[in-house]
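Presented as structure tokens, the chain that follows is alone, the form predicted alone.
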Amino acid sequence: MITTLELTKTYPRVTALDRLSVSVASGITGLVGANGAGKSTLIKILLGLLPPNGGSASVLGFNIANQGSEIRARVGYMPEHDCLPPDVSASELVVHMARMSGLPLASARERAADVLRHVGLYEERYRPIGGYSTGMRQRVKLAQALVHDPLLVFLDEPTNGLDPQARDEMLDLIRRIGSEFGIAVLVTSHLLGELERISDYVIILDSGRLLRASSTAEFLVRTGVLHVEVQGPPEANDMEVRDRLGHALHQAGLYVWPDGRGVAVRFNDESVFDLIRDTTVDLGLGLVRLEQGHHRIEDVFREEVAGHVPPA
């Protein structure tokens, strides 16, 4: 879907993209990075709206250097910033965007009604956008990105400003775009946990540089760590109970360290599960949680930035 080779964008005092080489396939791809990492700049270059200073890129087989109009005809774009006119309705705006994409009026109206229904704005579609909540405005931006039935959509920080419920609903919409409609999605966010939930593939940027790109499953590999939480008698202090367990497991030859209300234990084979269970029983404690840990995207991001590889 997308290929970049040594893509570079510089400003007088800032390097927005630093020789970025990456490929994006179909499905949902998450583009992760802090504010200023180069995510929005990359999208604008891929749309042919911003020229790079070096390197090359193609989108759907079209060259960004001289085929920007062909790319924009086949790609939907949901911008990060608030760009909606307050005095028109969602229906009017989405129909207008469909007409600009080349659809005749009747088809534009039909398609606009379909996508507004899909994003949950069918009943509100004739109200002026100026009276919409932030969540509704984000849905309008998503609808206009989908109205011309694109092959690929760029969603730039689609959950910006949303409360937790609205954020979950937006993520569910994005997941459905990829799974039910078969549209490829490139979605940016600085909230790593969001992309972990919906993405098939993740690209991590830091100051315009590629830190890592791989499938989400590879980011979330199991670690050699067990998280153990126990419960003592009602009068017992939680930290004292944790320390008793940690001391006993250490005496049994395990590598143990505090982990919130419980302990974390390094393990190499399945016998450690039995040892933890038996030690907990011997101490007269109740086993609340015994769970194998996972690397999360946030952990990997911190490790990559710190310049070291996660332990095997």
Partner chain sequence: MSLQPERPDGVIHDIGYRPYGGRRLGEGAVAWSLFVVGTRHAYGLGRSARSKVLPFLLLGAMLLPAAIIVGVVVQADLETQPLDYSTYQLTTLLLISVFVASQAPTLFSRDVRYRTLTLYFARPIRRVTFVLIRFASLATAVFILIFLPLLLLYVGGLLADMPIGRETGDFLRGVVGAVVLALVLAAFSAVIAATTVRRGLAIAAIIVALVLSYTVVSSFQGIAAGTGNPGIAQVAGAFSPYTLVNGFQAWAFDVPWAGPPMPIGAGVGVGYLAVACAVVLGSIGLLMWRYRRLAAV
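Because the structure is a prediction, the values reported are computed rather than measured. Positions refer to the first chain, counted from 1.
This next part talks about the form predicted in complex with the partner chain, which is not shown.
Partner contact region in the predicted bound form: 71 to 79, out of 71 to 79, 188 to 196, 162 to 170, 226 to 234, criterion any non-hydrogen atom within 4.5 Å of the partner chain. Within 4.5 Å of the partner chain in the predicted bound form, a heavy atom is found for every one of 88, 99 and 144. In the predicted bound form, the partner chain lies within 4.5 Å of some heavy atom of residue 183. Contact check for residue 149: a heavy atom falls within 4.5 Å of the partner chain in the predicted bound form.
For the chain shown alone, residue 107 is a contact residue for the partner chain in the predicted bound form, at least one non-hydrogen atom being within 4.5 angstroms. Although the partner is absent here, residue 111 sits close enough that one of its heavy atoms falls within 4.5 Å of the partner chain in the predicted bound form.
Of the residues given (175, 209, 118, 212), 118 alone sits with a heavy atom within 4.5 Å of the partner chain in the predicted bound form. If you take 43 to 74 and check each residue for a heavy atom within 4.5 Å of the partner chain in the predicted bound form, you get 44, 47, 49, 50, 69, 72, 73, in sequence order.
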